[in-house]
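Next up is one chain by itself, shown in structure tokens, the form predicted alone.
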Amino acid sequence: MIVVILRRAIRTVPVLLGASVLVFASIRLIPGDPALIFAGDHATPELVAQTRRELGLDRPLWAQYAIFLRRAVMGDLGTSTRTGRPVAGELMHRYRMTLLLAGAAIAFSVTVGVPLGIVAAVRRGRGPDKASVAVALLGVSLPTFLLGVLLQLVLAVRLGWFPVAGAQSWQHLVLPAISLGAFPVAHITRLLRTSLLETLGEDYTRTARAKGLPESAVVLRHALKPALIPAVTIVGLQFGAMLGASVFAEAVFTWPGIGRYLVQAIAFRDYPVVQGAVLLLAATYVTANLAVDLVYAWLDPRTR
């Protein structure tokens, strides 16, 4: 298993390098001159040129990328052209808040989606199965921002169960986590149902029934573990997708995460912040997929 971990970890290095190249190149395609924005609209050409030199924007692109990569490896993501503060320090608090939100959303989706998928497979064609289909369709159909607004109107404004917005306590986390985790619930439910129906028809589950084991033991001990493999893959992919989709939940609930900060940095052409934030999200996405590969290898030893 250690060899598997090392092999999978080495494979992430070229992925991160490719992500850094794409981030560095794409941010340069955004219209606007960050030196002009930093110096001000009424700055003289001399001041703009001086600002460009101070920011290192007068150097060739390959030199700028080499400096960016060297600093990123050392944990230095540069200085914000808008605030003049280190990017790493400004990102970390927001990054923790986004991870907290994404983690709560994943916990909600797994807690709801896995039982729904199991019940739908065991009660195939019956009421619980049809109800899970309705829940899945609802979760797929409602966009994150629309579901967030509906949750605010019903659970926060009318019923007063949760705060409308903010991030002062755990109660503020509930509504954005539900709005962000509703979409993965639908995928986990339907995928687990399909996978579990397949494993329930395998020879080893029929053998378990023939030995006289109760149906709950057949499902939970013999059929569920191999059926979880596709669901685990979806969970990893959805966690990475949540890091990008969290900007909608953060905007609706004014959650101080990295998504809102990234949008503001793009508007102000803040190159260091955009590069650092996107690279950090890419590294998190790669790490999540690495964790999924390891869990996959644990669930199915044949993949090692």
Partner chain sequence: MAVVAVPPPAPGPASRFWAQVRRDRAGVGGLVLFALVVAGAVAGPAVVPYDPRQPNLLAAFQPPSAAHLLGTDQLGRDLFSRVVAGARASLLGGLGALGVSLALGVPAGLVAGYAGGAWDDLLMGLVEVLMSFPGVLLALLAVAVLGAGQRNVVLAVGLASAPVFARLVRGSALALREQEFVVAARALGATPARVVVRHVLPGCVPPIVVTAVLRLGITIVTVAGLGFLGLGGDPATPEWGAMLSAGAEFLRAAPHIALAPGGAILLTVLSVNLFGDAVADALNPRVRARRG
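This one's a predicted model, so the numbers in the text were calculated from it and none came from an experiment. Residue numbers count along the first chain shown, from 1.
Heads up, the form predicted together with the partner chain isn't pictured, but that's what we're talking about next.
For a residue to qualify, one of its non-hydrogen atoms must sit within 4.5 Å of the partner chain in the model of the complex; none of M92, L99 and A288 qualifies. None of L137, A107, A210, V73 but one reaches within 4.5 angstroms of the partner chain in the model of the complex through a heavy atom, and that residue is L137. Listed residues S216, S169, S141, T111 were compared with the partner chain in the model of the complex; S141 is the one with a heavy atom within 4.5 Å.
Only one of 111 to 119, 174 to 182, 224 to 232, 146 to 154 lies within 4.5 Å of the partner chain in the model of the complex by heavy atoms, and it is 146 to 154. At a distance threshold of 4.5 angstroms between non-hydrogen atoms, F248 is in contact with the partner chain in the model of the complex. In the model of the complex, the partner chain sits within 4.5 Å of a heavy atom belonging to G244. Proximity of K130 to the partner chain in the model of the complex falls outside the 4.5 Å heavy atom cutoff. By the criterion of a heavy atom within 4.5 Å, V295 is excluded from the residues contacting the partner chain in the model of the complex.
Interface residues of 262 to 278, taken as those with a heavy atom within 4.5 Å of the partner chain in the model of the complex (partner not displayed): L262, V263, I266, Y271, V274, V278, in sequence order.
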